[in-house]
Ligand code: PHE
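A single chain, nothing else alongside it, follows as structure tokens in the form predicted on its own.
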């Protein structure tokens, strides 16, 4: 039997760690191979019957957004009980002015569970209950610290973990697949009978010049060998879903549009009534390019951006602007687009007098902390309809129809806010027991349409593809979509 160089490295590594021991996949990185090389080599060694790969499910916990916040600051109940210890008594109606919504409700509810329920419209301090409550809060903090540091041991603080899991986005429970390697008897025999551990599978100029080939075995190839049949893998799940979405739009008569990954802030933000001092422009949310080059705007673009600037500052008839200052140089900064809506604005500018519908499914970039529901690079399902028939009712009908075509009937449309649409709505679904926003939508504001000379009202939407894929494929983590798990890629289920 012939094996490749990487297969040989991994097999000898497993043998040297102990012929009868089990080695976790992550420990195999000490062999010098990359994670991708280990996955490939181990798969072939299993097919050749030299090792076993054991799949284990492991429960892990990660901090949610509130968990990070509570570690940096305090639990709401911790602040309330500490204040109560200091003041001895706090009227309930004062708590709303001390804590912001929803922290005031959380603080009151948790304080009641810790032995301080409101009595006669106030909270009163009790030394014995207070010391016990603060001790329990400290235990909760210790659990968060261990989760953050990755030192939480199995069976530690199960009661506290159950409590924290019920509190919104404090911690997130995940089931992680873990692979364990174990060398089989044929693998042991192969190592013993092949003391020259490296097999050369491809001759390179470096190998010939160094003469290192003399001390190594050359891999043999049987040109008549048909090999073992391996079931093919079809389209990637995201590619499949994109094709389904494209077919829905195209069947409805929409036109597909394309755009650039790199945009000026003029098109990415100014054109959408996002003021130049808006938080969304901060480095925290946007990838700015360090290039000193600036785009060369056409005279038409400069006139258009100046219109946007005047409206941002002064507003227009019946609509108040933001005030402040606007600078054309700020519009020339280059960014990785944070949404695909600039494509929509450009398309509207070119078809200002037509009734039309258009869409795209393309990548956008945000400076996000990657977790189970956030990625720094993801896809947005963008679209808009310009028509004299356009209304909020039409938009609601369209969104429900679109998701029903994909098999979703349990979605909610909730009021929201975006600088460039009014009214605005978010599409919300339930994932892992939590409400997750799939995207935003609304009717473009006059401040966006008037500078373009748009004749009819426009409804628009920007929906997240990866979050949609979570529910479509029954996953728990966005990152699973980008893992090379061959078994899942081969057997993923399509929602009917």
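What you see is a predicted model; the values in this text were computed from it and never measured. Residue numbers count along the first chain shown, from 1.
Form predicted in complex with phenylalanine (PHE): not shown, discussed below.
Among the residues 346, 281, 400, 366, the one placing a heavy atom within 4.5 Å of phenylalanine (PHE) in the predicted bound form is 366.
A heavy atom within 4.5 Å of phenylalanine (PHE) in the predicted bound form is found for one listed residue only; from 390, 380, 110, 312, this is 380.
Heavy atoms within 4.5 Å of phenylalanine (PHE) in the predicted bound form are found in one stretch of 93 to 101, 368 to 376, 238 to 246, 334 to 342, which is 334 to 342. Within 4.5 Å of some heavy atom of phenylalanine (PHE) in the predicted bound form lies at least one heavy atom of residue 441. In the predicted bound form, phenylalanine (PHE) stays beyond 4.5 Å of every heavy atom belonging to residue 446.
At the 4.5 Å threshold, heavy atoms of residue 457 stay clear of phenylalanine (PHE) in the predicted bound form, well away from it. Although the partner is absent here, residue 461 is a contact residue: one of its heavy atoms lies within 4.5 angstroms of phenylalanine (PHE) in the predicted bound form.
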